[in-house]
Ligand code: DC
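Take a look at this single chain, the form predicted alone, given in structure tokens.
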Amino acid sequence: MRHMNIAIDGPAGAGKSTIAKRLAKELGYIYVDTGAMYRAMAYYFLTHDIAPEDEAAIAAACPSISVTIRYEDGEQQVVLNGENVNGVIRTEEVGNMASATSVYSVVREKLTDLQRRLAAEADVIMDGRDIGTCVLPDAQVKIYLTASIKARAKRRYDELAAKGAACDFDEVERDIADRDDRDMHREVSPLRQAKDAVPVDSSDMGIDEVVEAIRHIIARSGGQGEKA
């Protein structure tokens, strides 16, 4: 029996992970945070002093990197070479490194194989930037979740401020715009809306509203998205 695969793509700060986690929990699906996997690799590059523009060094390091996912109490744990790195991969520095190094085919190929195997083994909701276009092109449901740059910057700024991090709104906004540009114009698997993806703009929507909108889309595709 073929498992149900839901792909949620979109730019940084659109709320993909938050929404995908909620939906996975409500529907009983496995949530696969592909961005966390790229962040784990980026963390390895940072801690080994590998520059994001040094493609040769990145390619040489890839065989030494093992990124796996396990679940503890229903929560996804990202494991890098045997170490749980959930607590260290959510910084802006790691996020920017992930965006810069995900352009390399050797990095994407390493993680794409794992992601596809996960999707073949269970009902999954997977979010990222090229899930519907590259990783799971045959996913039964594809969502392109987006929001304006200002709305995404505000969310990221509020998130950082809540953690007590020193941050500047204009700088956060520039970082998001720069990341959009890199993601949309990279040669390998650029961020774009799949032709059969349903667009959802969350600029003026709360989390509950976005979840409900996507549940309706899933339900129309036979993925049991409607609440009982």
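In case it trips you up, residue 1 is the first one in the sequence shown, and so on. Predicted model, so just to flag it, every value in this text is computed and none were measured.
Same protein, other form: the form predicted together with ligand DC, not shown, and the subject of what follows.
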Report task. Please run the contact check for residue 90 against ligand DC in the predicted complex: heavy atoms, 4.5 angstroms, yes or no? Result -> yes
**Report entry** Heavy atom of residue 202 within 4.5 Å of ligand DC in the predicted complex
**Finding:** no
Query raised in the report: Should residue 152 be classed as touching ligand DC in the predicted complex when contacts are defined as heavy atoms within 4.5 Å?
Result: no
Query raised in the report: Might residue 143 be said to contact ligand DC in the predicted complex, defining contact as any heavy atom within 4.5 Å?
Result: no
Query raised in the report: In terms of non-hydrogen atoms within 4.5 angstroms, which of the given stretches 30-38, 194-202, 164-172, 62-70 touches ligand DC in the predicted complex?
Result: 30-38
Query raised in the report: Mind checking whether each of 15, 19 and 25 has a heavy atom within 4.5 Å of ligand DC in the predicted complex?
Result: no
Query raised in the report: Using a 4.5 Å cut-off on heavy atoms, which residues of 79-116 contact ligand DC in the predicted complex?
Result: 90, 95, 98, 99, 102, 108
